[in-house]
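Here you get one chain, nothing else, as structure tokens; it is the form predicted alone.
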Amino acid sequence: MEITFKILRFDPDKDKKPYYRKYTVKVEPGMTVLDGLNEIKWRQDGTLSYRRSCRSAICGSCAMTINGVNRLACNTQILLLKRKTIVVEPLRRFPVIKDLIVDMDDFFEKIAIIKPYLIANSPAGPRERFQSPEDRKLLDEAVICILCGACTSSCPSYWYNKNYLGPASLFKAYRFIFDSRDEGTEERLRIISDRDGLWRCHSIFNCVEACPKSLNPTYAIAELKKKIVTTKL
């Protein structure tokens, strides 16, 4: 079966504006969008640029907009899309470096703002910082986040205000604020309790729909709002 890939191309060194280019790919059952992009780059047009690494939906490198939806190219089956034409674009609202590669610097800088590491000043026990299975369960979803940027790219609040921390950063804040071993709760709550932080979220739920790991950043953000109003800062 032949499928048409309609890819948004842009090379800032030579193009004045982005444009679409079409490629025809012979598709077999089991092929992913990433397989299709590889076929194009390896056999048709070596100038096509995109990120990929693990091919296992773990690294988040190949997040892009496929038929208008933020997805991971490596685990999006071509035939399951049930389209003769597949439109592939870079993640929205991130600066484009080239073709499907976007600049993620601002995204990761916002992750760094919330201090994404365990803050524990008290001495550890003789073997470990113990955490009960019940406490660990609170973190299950937040730990699975692969930082692909699909949620932040889908967020209208981020489109409107680039100073907004975004759902990925706030999801990471939840991961540590609700970690029973962490002692930096008040410090992080002060960081995110800002007009460009937690309160910029309007619970639109785009981030939930866009997450390729089926996580729920909106729930985590709601829990953070409850935490702030019940914590004396």
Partner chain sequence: MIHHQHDIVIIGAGLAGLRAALETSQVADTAVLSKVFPTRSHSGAAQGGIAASLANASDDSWEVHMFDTVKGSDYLGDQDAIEILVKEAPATVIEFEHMGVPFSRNPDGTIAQRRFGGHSRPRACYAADYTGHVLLHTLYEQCIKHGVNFYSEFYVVSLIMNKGNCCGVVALDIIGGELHIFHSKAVMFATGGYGRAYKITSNAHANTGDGLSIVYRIGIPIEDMEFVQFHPTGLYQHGILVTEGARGEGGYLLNRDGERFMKRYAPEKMELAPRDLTARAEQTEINEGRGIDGKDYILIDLRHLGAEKIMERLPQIHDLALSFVGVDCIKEPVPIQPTAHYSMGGIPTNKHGQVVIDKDNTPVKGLYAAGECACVSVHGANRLGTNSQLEASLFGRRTGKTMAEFLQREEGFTPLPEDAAKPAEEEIAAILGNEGKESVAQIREELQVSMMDNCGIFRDEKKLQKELEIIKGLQERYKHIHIDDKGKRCNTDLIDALELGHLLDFVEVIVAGALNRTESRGSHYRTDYPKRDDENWLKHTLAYRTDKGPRFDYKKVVITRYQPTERKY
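The structure displayed is predicted, hence computed values, not measured ones. Positions refer to the first chain, counted from 1.
The form predicted in complex with the partner chain is left out here; the points below concern that form.
J.: Looking at 203-211, 160-168, 173-181, 189-197, which stretch has residues with any non-hydrogen atom within 4.5 Å of the partner chain in the predicted complex?
T.: Correct option: 173-181.
J.: May I ask you to state whether Cys155 is within 4.5 Å of the partner chain in the predicted complex, using heavy atom distances?
T.: The answer is no: Cys155 has no heavy atom within 4.5 Å of the partner chain.
J.: With a cut-off of 4.5 Å between heavy atoms, is Gly68 one of the residues that contacts the partner chain in the predicted complex?
T.: Gly68 lies outside the contact set for the partner chain.
J.: Going by a heavy atom distance of 4.5 Å, is Asp15 a contact of the partner chain in the predicted complex?
T.: Flag for Asp15 set to no.
J.: Within 4.5 Å, heavy atoms only: does Lys98 come near the partner chain in the predicted complex?
T.: Lys98 belongs to the contact set for the partner chain.
J.: Assess the spot marked by Arg43, Ser49 and Asp140: is the partner chain within 4.5 Å of a heavy atom from every one of these residues in the predicted complex?
T.: Yes: each residue has a heavy atom within 4.5 Å of the partner.
J.: May I ask you to list the residues of 97-123 that have any heavy atom within 4.5 angstroms of the partner chain in the predicted complex, in sequence order?
T.: Heavy-atom contacts to the partner chain in the predicted complex: Ile97, Lys98, Ile101, Met104, Phe108, Ala112, Pro116, Tyr117, Leu118.
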